[in-house]
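Only one chain is shown below, in structure tokens, and it's the form predicted on its own.
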Amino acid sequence: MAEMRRFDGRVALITGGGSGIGRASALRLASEGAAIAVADINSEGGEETCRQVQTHAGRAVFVPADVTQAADAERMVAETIKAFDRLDVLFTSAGVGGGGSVVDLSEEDWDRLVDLDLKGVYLSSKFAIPEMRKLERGAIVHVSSIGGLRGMSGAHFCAAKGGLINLTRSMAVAHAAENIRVNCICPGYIATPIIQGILDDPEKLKRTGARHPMGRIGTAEEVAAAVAFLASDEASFITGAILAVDGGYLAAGR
């Protein structure tokens, strides 16, 4: 199979690019020709992602940013433009997980997660879209979760991820005429640091994998492949889509 170069000449900004799905997506898009701006609050992780991109002859710049802060989100986009002169793709991967009912959760826990998983997406998009308008095109991919489509542990997580799904639809409708596509992926359990407690326990890992009809949890690279497709011109007539990347978890009603 010929090497895919779907992003030659294009620039992608990836929030939460210092680990997990964000890092895997940075490496995938870079392997297909994109220049990458890696944004993360974790400088060590973000710089490591850049090093990995550069090791394979890719172009990358790290931008330290807290996407829950408007000034940081605005600067993050401005530094991407300063480095690469354009912005074609935004992948909003920054986020955290957590459990707890509304009774158990503190107000601080609620605010922290909802700010990052939902407000951070709004702010990142708010400042990225004007740059995409200059190109008269763009692709935005958000990360929700199976928890955004069904009830699971973590009231704040499910609320934020459910809100993100409808934010995706609203943005898709609002910006379709501008040729800016907005789509959303809903991963199942993926082998990333967010589920480290499961990964470190062989019995938990086995049980969690068995909840997926495919009999295993997914990899960050498998999610990155879906991100690359939705961000590419191959998905040119797809906007407002909510794509489960979950090994059949939702289809089985589990």
Ligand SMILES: NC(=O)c1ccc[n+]([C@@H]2O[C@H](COP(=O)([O-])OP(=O)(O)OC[C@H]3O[C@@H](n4cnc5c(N)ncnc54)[C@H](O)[C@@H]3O)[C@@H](O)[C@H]2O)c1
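Just so it is clear, the structure is predicted and the values come from calculations on it, not from any experiment. Residues carry their position along the shown sequence, with the first being 1.
Below, we refer to the form predicted in complex with this ligand, which is not included among the displayed structures.
Listed residues 180, 94, 184, 77 were compared with this ligand in the model of the complex; 94 is the one with a heavy atom within 4.5 Å.
Remark: none of the three candidate residues (141, 162 and 244) comes within 4.5 Å of this ligand in the model of the complex, counting heavy atoms only. You can rule out all but one of 154-162, 172-180, 133-141, 100-108: in the model of the complex, only 154-162 has residues with a heavy atom within 4.5 Å of this ligand.
For the chain shown alone, residue 222 is not a contact residue for this ligand in the model of the complex, no non-hydrogen atom being within 4.5 angstroms. A residue is said to contact a partner when one of its heavy atoms sits within 4.5 Å of a partner heavy atom; residue 30 fails this definition for this ligand in the model of the complex, lying far away.
Although the partner is absent here, residue 42 sits close enough that one of its heavy atoms falls within 4.5 Å of this ligand in the model of the complex. At a distance threshold of 4.5 angstroms between non-hydrogen atoms, residue 239 is out of contact with this ligand in the model of the complex. Residues 16, 18, 19, 20, 21, 22 of 13-30 are found to place at least one heavy atom within 4.5 Å of this ligand in the model of the complex.
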